[in-house]
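So this first bit is one chain, no partners, the form predicted on its own, shown in structure tokens.
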Amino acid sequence: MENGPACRAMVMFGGKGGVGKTTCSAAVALQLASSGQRTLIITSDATPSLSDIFEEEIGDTIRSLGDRLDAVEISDAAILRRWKEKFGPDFYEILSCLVDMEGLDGESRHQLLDYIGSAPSLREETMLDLIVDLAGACAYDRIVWDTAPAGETLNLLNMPAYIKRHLSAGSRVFEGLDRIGRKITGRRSISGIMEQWIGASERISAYLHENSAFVLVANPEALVVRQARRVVETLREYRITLHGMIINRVIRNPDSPSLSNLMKIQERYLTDLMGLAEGLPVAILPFSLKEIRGKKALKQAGKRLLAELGL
């Protein structure tokens, strides 16, 4: 894993569900935009709360929140639409070699493509393809990605290598079939289509490694610390840059016996999390009974996070 505080074009915020990563990513995105950088915040969480946090309706098409900040909540429906537009024709060509696609009625063809496009690996690869295209369009100085809960995100980061490995095997098989006359007259060969998909996976993988950094959001709790350790190990395995860590809901100056006891419990887990950070930037947000919602509250948190993380 490449560690270091260098700024990257895309910053991913991840961690266990419920630790406050959406709030933290929203706060950082708003502050980046306020500092003059054209910023896009994306959430790929299946149950997005970005609209609630900004107190503005966002949805699955990019919309402006003002002050050089745009936002989008990527939905399953939007991902399926993109897959059908970008990859559906290729799959249709491949399936035409194996199934009498023209013999199916229109509804059956659409249902078949919907079924294939909703497969987890293809859905995740299409999501990454969309995010990398947005990042590479040069319309934004920075992209902030509020990722899904940790387990799903780690599967997502592994997807380009997984797709490439399996497509490479399939490409070799179909290359042999093409050579013996199984290609479709007047169309690209199946192996050629797969080679293009391999190229797309390589592009996605290269972008993640060269232009993105990961900020881990955690709370000083036993389950969260264990999950955080797995995230750090997986980032190291896939050579994704860990930029730093946000430790949220840390009790300081307790005003009741119960909070004093909880603070003592937190101390052990704070030590564990600081050890995981290995000297990287760490931002600590204090425990509060108030929710961070709306631009005013987000700006206050974002200013602190940006300074402490060096983003």
Ligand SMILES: Nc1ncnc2c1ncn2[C@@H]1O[C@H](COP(=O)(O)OP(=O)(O)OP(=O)(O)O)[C@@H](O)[C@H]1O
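Quantities reported herein were computed from a predicted structural model and do not represent experimental measurements. Throughout, we count residues from 1 along the sequence that is shown.
Below, we turn to the form predicted in complex with this ligand, even though it does not appear here.
Judged by heavy atoms within 4.5 Å of this ligand in the predicted complex, the contact stretch among the candidates 55 to 63, 253 to 261, 42 to 50, 274 to 282 is 42 to 50. Pro286 belongs to the set of residues with a heavy atom inside 4.5 Å of this ligand in the predicted complex.
This ligand is not shown here, and in the predicted complex it never comes within 4.5 Å of any heavy atom of Met10.
Proximity of Lys16 to this ligand in the predicted complex: non-hydrogen atoms within 4.5 Å are present. Using a 4.5 angstroms limit between non-hydrogen atoms, Arg38 is distant from this ligand in the predicted complex.
Contact residues in stretch 21 to 46 (any heavy atom within 4.5 Å of this ligand, taken in the predicted complex) are Lys21, Thr22, Thr23, Asp45.
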